[in-house]
Each structure stands twice: as C-alpha cells, then as structure tokens.
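Starting off, we have a lone chain in the form predicted alone, written out as structure tokens.
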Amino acid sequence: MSAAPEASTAHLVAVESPSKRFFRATEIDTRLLGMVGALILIWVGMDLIGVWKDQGFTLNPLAIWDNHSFLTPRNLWNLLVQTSAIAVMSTGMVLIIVMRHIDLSVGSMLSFIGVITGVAQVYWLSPWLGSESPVIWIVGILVALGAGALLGAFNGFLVAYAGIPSFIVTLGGLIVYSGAAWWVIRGETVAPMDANFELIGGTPSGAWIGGKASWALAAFICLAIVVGIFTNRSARARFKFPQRPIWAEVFLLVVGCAVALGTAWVVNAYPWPAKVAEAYAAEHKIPIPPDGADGLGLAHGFAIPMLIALAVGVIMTFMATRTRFGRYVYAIGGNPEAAELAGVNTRFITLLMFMTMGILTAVSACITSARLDAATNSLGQTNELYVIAATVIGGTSLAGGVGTIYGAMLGALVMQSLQSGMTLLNFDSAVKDVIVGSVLVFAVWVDQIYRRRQA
C-alpha cells in the first residue's frame, strides 16, 4: 500500500522538466530570478544608452567596452547608498502589506522625524552640550527612534483598536505629518547636522569601512552562508523533512558567496577622492606615489548606510521567519479570522507591526538627513510611493499573506536603478514619473498572473 505513493512521486519527478527540477531542488523563487533579470536588463540598458548618447548616437561596438556611464564602481557605489533608505523602509512595508494593511504615511513621517531630529541637534543639543560634544549624534538617533515608535504606535492603535481602515489612517497621516513637519520649521532648512551623525549618510570622509574591512565582511558572509546551510540540513534531518540535493546546496553556496565577494569587489574598486586621499596621506606621513593619490590603494569599501540596510535586512528576515511574531504576521495575512480563533492577539500584533514600521522609518530619516546634512519638510516627499512600489515589485502580494524581506530590498534596488539611470541620462522629471508609475502597475499585473497560475 505504501509503495504506490512513492512510485507516483518518483514518476512525477521523472517527467519533470529540467528547469522545474532545478527550481524544486534549489527552492529558488522564480519571481526572484525575474527581478534579477529585470535588474540586469536595467543596468545594461542604461549603460548602453549612456554610451550611445556619449558617442553622438552612433553605433560603435568598441566604445561599449571602453566607456561606461552607468556600470562604473562610483555609480554603483552611490546607487547602493541611495537605495539604503528605501530598502530599510521596504522591509517593514512587506509585513504591513502581508497583514493586508498599508502605510501611506511613511514619506511624510520620514520628513517629520527628520525635522525633529535636526531641530534637536541644531537648536537644542548643540547650544546645551556644545557643538563638539560626542553625545549629540547618539541623542539625535534616540530622539528619531522614539518619535518613530510613537508615531507608528499611534497609527497602529487607530487601525487595530479604533477599527479605522489603515488606508484612511495612513492617508490622514500623510497629510498631518507633512503639515507638522512644515509647522516645526516653517519651511526652513535645518543644517548642518552633527559631524558624527553625518557618517550615517555615507557622504563625508570616513563614512565607509575601507577595503580590508569590506573583504573581511564578505568573507564573514560566506562563512555565515556555510553555517546556515549546515544548520538548515541538521534541522531538516532532526524533523525528518526532505533534504535539498548536495549539488543544490553547493550551487546556493557558490551563488551567495559570488554575490558577497562581487559586491565587495565593486565597492573596493571605487577609490577615495584625490583630495581626501592626499589629506589622509599627509596626516599619516605616507608618500604619494608618482601616479597620484589613486596609487595609495585607498578604497571606499562598504558605506555605513549599506551596512545599516544589510543589518536591518538580516534582523527583519530573522524576525519574519524565525520568531513567533513573524509567524503570527503571516498567519494574520493568510486568514485573519482563523488566526484570531487560534488565539492570536491580532490587534496587538497589528499595533506592534505599525510601531516597527515607524522605527524603520526613523532609521531611514536618519540616513536621509545625514546624507543631505540637512533636514527639510520635503525630506521624504513621495517616498511612500517608492517604498510601496519596491515592495510590490519585490513579490509582495497586495492580497496579503505573501512576501519576503529580500525580495522587497531587491525591489528597492530595481526602483532606485530606474531613478538613478534616468537621472544620469537627463530624463525629464515627468518622463521619470510616467516610467516609475508604469512599472508599478506592470508589477501588480504580473503578480496577479502569477497568483492565478499558482491557484
């Protein structure tokens, strides 16, 4: 009796196409490959258009290999830095949408938190503690995180306990927080930020970890992938779950390490600016080589915002996949009534999730204001649209219950690549808005097709 199902399963495996067998063995989400393909297409397309434009719109194959406008270490480094703020917020928006809610207020909230943090540093802490105090940036970050937690909890309370739809609550928040940000500073610009606080943005001298530390971090990531694979196999064996084939594990290890080491190579290929390198050499009494400051071999490496986004992604992935809170979030998104009947405190989980979104928005506010070295009431204008677009492009279903942290962060990179590429090619602002909006609608349409085929 028991041999029949095994024979049937073996028959199904035997008739599977090689591609289906590959995806089943590696457990790779096909939508992830679609996003990677779209990202490569955008990068290569922007680079080719840039070269073609630089060559006077003439087709010269040799120029493609000798000149690059988009695929340069400097541009890719800046692209990763610019993506960080949106990527951080998208990790929270994933779980908000998974729970069948939405948060339209994150852009205005970012502006309000950024303004509060700027005012605290420039007008309160600096006169009180002195502009050189090492405590200012710490207090500034704590003020931002506290404000984010309070605003997010307020949104969550209105949604969970007052019973107001999240769309209405956060739409109102979009208007209220935007007005509050303007009211605090009356449309002025608050600047400059504390010197240590600026490092969070990744622009001043020293806001990166350098070449050696970047290679060490990439090696650590590779080691973590190895440990994760072995831990996963032992856990599956303990609970008698099916194991991935060894070749699939090796493939995932090679791809993961290639991404980590390749990213480290790109960020290390971007040298320090000549002036900064010369000042460093003079301070440390290092002779400058004949070929100039580039010969010092001083690489930027990973910028602080990249590390913050990476850390947030790891923490949110762990929270979503390895904690009871994360399981409750997906359970509520899958079937809210069933989750409540199973004993899940859906209201409290909703409150906590919106508070988490507020904290992540505060982190993004710190990154954005530090990068600009200023805070304005328009700091996060339209950011809510890019965060939601990045989340949907990353595979999160607006119907709830489905979404991944890494998918949203990759979606953020796709969105920022479009933005940066079109800016680099001097596209009109109106054209950029049309393209970004069209991409969002296209992503939702693709998600609907995918869901219908899976059903």
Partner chain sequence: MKSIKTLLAGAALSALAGALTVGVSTAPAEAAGKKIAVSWKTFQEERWKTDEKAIKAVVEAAGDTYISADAQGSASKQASDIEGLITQKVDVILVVAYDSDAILPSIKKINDAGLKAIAYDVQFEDPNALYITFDNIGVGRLMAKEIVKAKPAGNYAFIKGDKGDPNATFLFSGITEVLKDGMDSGKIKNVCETFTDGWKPDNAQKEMEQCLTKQKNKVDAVVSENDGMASGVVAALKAQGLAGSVPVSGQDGDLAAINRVALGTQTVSIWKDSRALGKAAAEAAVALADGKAVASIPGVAKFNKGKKGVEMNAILLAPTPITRDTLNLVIDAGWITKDKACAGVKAGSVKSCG
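Numbering follows the first chain given and starts at 1. Computed from a predicted structure; not experimentally measured.
Another form, the form predicted in complex with its partner chain, is not on view; read the next lines as being about it.
For the chain shown alone, L379 is a contact residue for its partner chain in the predicted complex, at least one non-hydrogen atom being within 4.5 angstroms.
Taking the partner from elsewhere, S69 is found to have a heavy atom lying within 4.5 Å of its partner chain in the predicted complex.
Taking the partner from elsewhere, P192 is found to have a heavy atom lying within 4.5 Å of its partner chain in the predicted complex. A residue is said to contact a partner when one of its heavy atoms sits within 4.5 Å of a partner heavy atom; V184 fails this definition for its partner chain in the predicted complex, lying far away.
The candidate spot formed by S108, A260 and F442 lies out of contact with its partner chain in the predicted complex, as no residue has a heavy atom within 4.5 Å of it. Stretch 364-372 is the answer when you ask which of 364-372, 89-97, 135-143, 215-223 has residues with heavy atoms within 4.5 Å of its partner chain in the predicted complex.
Checked against its partner chain in the predicted complex, the candidates T356, N383, S178, N268 yield a single residue with a heavy atom inside 4.5 Å, and that residue is N383. When you look in the predicted complex, the only residue of Y161, W247, F230, Y123 with a non-hydrogen atom within 4.5 Å of its partner chain is Y123. Contacts with its partner chain in the predicted complex, taken as any heavy atom within 4.5 Å, map to no residue of 233-269.
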